[in-house]
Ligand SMILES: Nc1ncnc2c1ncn2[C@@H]1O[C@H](COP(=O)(O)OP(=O)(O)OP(=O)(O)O)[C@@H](O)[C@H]1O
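Coming up is one lone chain in structure tokens, specifically the form predicted alone.
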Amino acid sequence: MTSLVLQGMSRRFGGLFAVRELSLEVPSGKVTGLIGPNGAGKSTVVNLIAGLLKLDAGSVVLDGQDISMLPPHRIAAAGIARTFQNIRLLKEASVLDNVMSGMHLHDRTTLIERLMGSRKVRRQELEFADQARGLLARFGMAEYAHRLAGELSYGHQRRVEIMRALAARPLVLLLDEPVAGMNDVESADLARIFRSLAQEGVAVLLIEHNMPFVAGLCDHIHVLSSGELIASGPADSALRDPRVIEAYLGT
């Protein structure tokens, strides 16, 4: 089974710890929540896992392999995909093209073949387009395939970004506030999809401020405050922990 293990992860900015000696596991087949108040260090954790920031100490281990020192493109190739807190799409490209852009890691063609527009290239493009349409159907977005991504509502743009991450066929999916700005119906639809992804064997790490969403979806929750882990456990017990209540509401 795939698992992502963080061991003693630390990162400073100046003299302050953004993340300090964080250790946790994100197993396949589960949705693992990482929550905490603003400034707790959650997005820093995602950026450290994805290689956009470098660790000062500790390690990131994927299926027994230390990937801490790999550049972002090799971490992605190893099987880790992520979404961003701020949506990053090709807004002048179609929804279908945005989703297909996530498949570049699986490109089996050479530069010469692409320049010549070979039959192999055309066959692969058709294959990628079929896979992208499958994701669009799964997310209820088939009718938007040829719309420009920049023309979509905020909630639909969020879905496109998630589909693009899934197009990479990840072993581990890092979701940074995926339902921010969505209503309860949209959030519930995505919760069903995230649960089905976990059931298919993907290891899902969810960062989210919507506590009812987190409590209803996550198998296990880790709570950060000022970069340190203050509580872990099933949703019902972790959210009732006095340290968690204090971190969110104050004394």
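Numbers follow the displayed sequence, beginning with 1. Please read all numbers here as calculations on a predicted model, not as lab measurements.
Unshown form predicted in complex with this ligand; subsequent notes refer to it.
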- Residue stretch of 187-195, 54-62, 37-45, 214-222 approaching this ligand in the predicted complex, non-hydrogen atom distance within 4.5 Å: 37-45
- Query: From the list A18, A231, L24, A235, which entry has a heavy atom within 4.5 Å of this ligand in the predicted complex?
  - Reply: A18
- this ligand: the contacting residue among S94, S101, Q85, S118 in the predicted complex [heavy atom, 4.5 Å]: Q85
